[in-house]
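First, one chain by itself in structure tokens, the form predicted alone.
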Amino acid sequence: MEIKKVVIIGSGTMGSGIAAHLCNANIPVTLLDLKTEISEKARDRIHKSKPPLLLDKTKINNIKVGNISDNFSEVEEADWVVEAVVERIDVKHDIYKKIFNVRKKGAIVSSNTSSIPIKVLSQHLSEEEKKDFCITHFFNPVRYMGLLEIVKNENNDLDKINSLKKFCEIELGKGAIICNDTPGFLGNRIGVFAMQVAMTEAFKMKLSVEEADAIFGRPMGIPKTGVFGLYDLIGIDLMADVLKSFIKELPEKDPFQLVAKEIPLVKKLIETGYTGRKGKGGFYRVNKTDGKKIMEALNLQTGEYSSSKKINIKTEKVDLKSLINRNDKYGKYAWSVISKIIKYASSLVPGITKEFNDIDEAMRLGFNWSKGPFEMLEEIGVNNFFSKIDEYKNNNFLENLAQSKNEEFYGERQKYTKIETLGKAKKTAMSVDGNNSAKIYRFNDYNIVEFTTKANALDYDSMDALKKATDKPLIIINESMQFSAGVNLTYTMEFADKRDFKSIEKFIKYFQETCKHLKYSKYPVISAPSGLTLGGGFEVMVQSNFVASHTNIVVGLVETIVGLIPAGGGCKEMLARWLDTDEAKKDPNFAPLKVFDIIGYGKTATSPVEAEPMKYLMPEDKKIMNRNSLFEVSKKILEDNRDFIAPEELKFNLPGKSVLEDMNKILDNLYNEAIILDHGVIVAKELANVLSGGDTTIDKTLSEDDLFKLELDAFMKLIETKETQDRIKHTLATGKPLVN
């Protein structure tokens, strides 16, 4: 069936998030609540949300609002009605009675509950009504979290469930996984268990909260918040309620019962108002000492706070084999947590889903893990795992695997979707090479480069991999959260601290050379960005021949924030795009001033809709809702460009001193109003020199290499200053800009 109109009942966080995302997909949606004023406030929250829930804020009025007394007739015309009200079963039952009394024949009705079983929700429905009723559990924030669990039971019309899945996958861009009606469904059952194991083992092994978070984080391919940081983010009291729900719903012998037991210290935190970030603090808190804000961490043994310590475990790469084989408390903790997660997840197959890799995808899409439990097992190695594991009696999955010892047990990834995903493709590569910063997957007709550093920050090795992979058509794409957050500033500062500026210059020259090589390669180069595509990441993307962008992209040139200017061709490419406008053809100062404004302020766009007016993306670039489709679309671009001919090199005619005077006037005003300070002026003047063309006039033609040289000279002048180095160090230490 076609879904042309949707009604959401309940305008809280989840209801408004679902409504916003339907708006993103251009699906007419009505948001109802007890009073119209409540729905209107929800619409206002959507409009003001940060990060933004809407791809295009101008479309906010496409969300109709109303109340369930006066506007319930909207339900009669809906093809899909989503209930997102408070988690009270009596309230939900009342709503379902009203919906089914008026809904049109065959319309789908679903609940966004995260915990109540479908058998309980549907207990008052007729057999016919049960066919069209399911759970659609979106994850928050709806726009950004890829997972959608569609929970079914034996009563459902499977054709309708599959039709809904297809709609959510194609139109809403979700990783829609169908799972059975079991407590916590799929993602939360494993995700919450993993959190509890990480917490209880930390208590048991007497680790500090910082130590536990340092392991149960990036080294395991899990977001950097760790377990205690995530507890604070979610809310310690909310997590306690979630655990009570699991304790109530799960059998007494389920291993979850052991890790869900109440911890006295956690109970005390809740009772004293330490419920996490929303309260007075939690496992971490910010305290003021001598007028300065200090991050403090809770001692799990004493319950006292002290200054939080940074734990250096001397690795940032996901290398589970090395991690679990460390002969220290960190290795023992990692193995204890990982082995228990694998044991629990495997014990649930086929109970919650017959496809074990659906569990991995749920953890990737719903919890931002880079590897799910079974991928962890695959990386550790079957024989290695069973040489270390203790008891796994009555776990059919592990018992069978122990007998077969099949190291190739995993097979195909992402079975839940028919899309030809990157994850599936990587498994079929003819060969894999590369280096510490990027992998090259080689196929008959094309290559893939996937960056592998923290936040996919770029260094010499990243460029080396890109260059080596252009012997065939190339797709630059990855599965991590970010396309690339830019050049590796830590890498750059290691040279700066040694006053080794020649090595920095060598790297920037190689970066420029590589980007130019990508642009004018014999074969087409495609970038498929998602997430952060900033600074150097943008420069790689913009100098690719084609772009297939995910709608959840944060794109821009932000170098001025750390006291630098784009030096990998970012200034050059932005100038070229703005010079190719009608306004620039009439006014030679137009393009340099426009780019000066965009780069000078470090402006970013949070969607393709925002990116196009700044020319970070172009109308011809592909924009895709479903991230899984990026690879498929990229391959189609290659097929459509078999007769590819590299573009001709750009030429520039820039006004030089005449536009520089205008730029200096702008800087004088900003400085006088204290919007920028002394070093901000120096950075902006270097940017102005590049964008004006330096010592040039409008009748003099500059080459791309001339622009590269201007970028490099400006970058080197700035990186040698103490003020820029201070900015970089401050940003690396705090994640916040320094204004100096």
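Residue indices: 1-based, along the sequence shown. Here the structure is a predicted model, which is why all the values come from computation and not from measurement.
FYI, the form predicted together with a small molecule isn't displayed, but the following is about it.
Novice: Taking the small molecule in the predicted complex as the reference, which of Ile170, Val91, Met205, Val286 has a non-hydrogen atom within 4.5 Å?
Specialist: When the small molecule is considered in the predicted complex, the option within 4.5 Å is Val91.
Novice: Though the small molecule is not shown, can you say which of Arg143, His137, Arg189, Lys174 has a heavy atom within 4.5 Å of it in the predicted complex?
Specialist: So the residue touching the small molecule in the predicted complex, by this definition, is His137.
Novice: With the cut-off set at 4.5 Å between non-hydrogen atoms, does Thr721 touch the small molecule in the predicted complex?
Specialist: Judged by the heavy-atom cut-off of 4.5 Å, Thr721 is well away from the small molecule in the predicted complex.
Novice: Any of the heavy atoms of Asp621 lying within 4.5 Å of the small molecule in the predicted complex?
Specialist: Although the small molecule is absent here, Asp621 would stay clear of it in the predicted complex, with no heavy atoms inside 4.5 Å.
Novice: May I ask you to state whether Glu87 is within 4.5 Å of the small molecule in the predicted complex, using heavy atom distances?
Specialist: Yes, Glu87 is a contact residue.
Novice: Examine Thr13 and determine whether its closest non-hydrogen atom to the small molecule in the predicted complex is within 4.5 angstroms.
Specialist: Output for Thr13 is yes: heavy atoms within 4.5 Å of the small molecule.
Novice: Each of Ile9, Leu34 and Ser114 having a non-hydrogen atom within 4.5 Å of the small molecule in the predicted complex: is that the case here?
Specialist: All three within 4.5 Å in the predicted complex.
Novice: Which one of these stretches, 91-99, 276-284, 436-444, 193-201, sits within 4.5 Å of the small molecule in the predicted complex when only heavy atoms are counted?
Specialist: One stretch meets the cut-off, namely 91-99.
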